[in-house]
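Laid out below as structure tokens are two forms of one and the same protein chain, each shown alone and named structure 1 and structure 2.
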Structure 1
């Protein structure tokens, strides 16, 4: 998917990104669009070094600043991993709800869709929490373990 393709809700992803940036008082600069395009092309959460590797013309300071602004504008979100590098992906309101597989060896994070009955169970928990006056904004579910590459490297 490129930033010019349709998003999960059928709207143009680029238009959604532009709209969110404008609402945050930002314009969609070339460097911001490069970061968005890298995230779209990856199809999984990326660390800052992985983003820089994907587009060698992108300056580290620019990429880092733009990631922060994209997160604040609701275009991207930060995903915790098992290493020292946070990962970034397009906000799930643009790409669709999903969860993550997190490698505790290399830190790689992959998107992971859970079965509908699992999400239904989450809805029950959300309702229970809200009945106690707790306001739920979102939920996340990450499975921690070793990716295929790290598993095969260790002989598992």
Structure 2
């Protein structure tokens, strides 16, 4: 049931990441390290531009390429926001299952935890869904609105 059975301080998290990269046959290159570090330190899904800001040396194509490989290796996950930029975060198996708050104005995404009984309710619905012919293996639940900055910026 636990999402990550290592310690919770991040040290083991990095070890897990390293292990998965190794398992996927990926080297410890500088670019890859930067991308991973940024994702680990972010605490929320980041867009490509945000990731690039973290390191001037990082080329856009390398960032995209690395993100693809990280997703492939089960280290990262792509998150849909509300603007035309995808966001990326560490895989749930590393950070724990959670959901997102999505700003429909600027696209910012923040993590959000929901009560266990809510998750339980989802499990129940999966059965109903499968009677519709779908084979369900994941879900996404997002609350959409205005983030703090965007709420104060314009009206209201």
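Positions refer to the first chain, counted from 1. Note that the structure is predicted; figures quoted are calculated from it, not measured. Basically, rigid core = biggest C-alpha set you can superpose within 1.5 Å across the two forms.
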Mind telling me which structure is the form predicted on its own?
1
Is residue 18 among the residues whose Cα moves by 2 Å or more between the two structures after superposition of the rigid core?
yes
Indicate whether residue 127 shows a C-alpha shift of 2 Å or more between the two structures, with the rigid core used for the fit.
yes
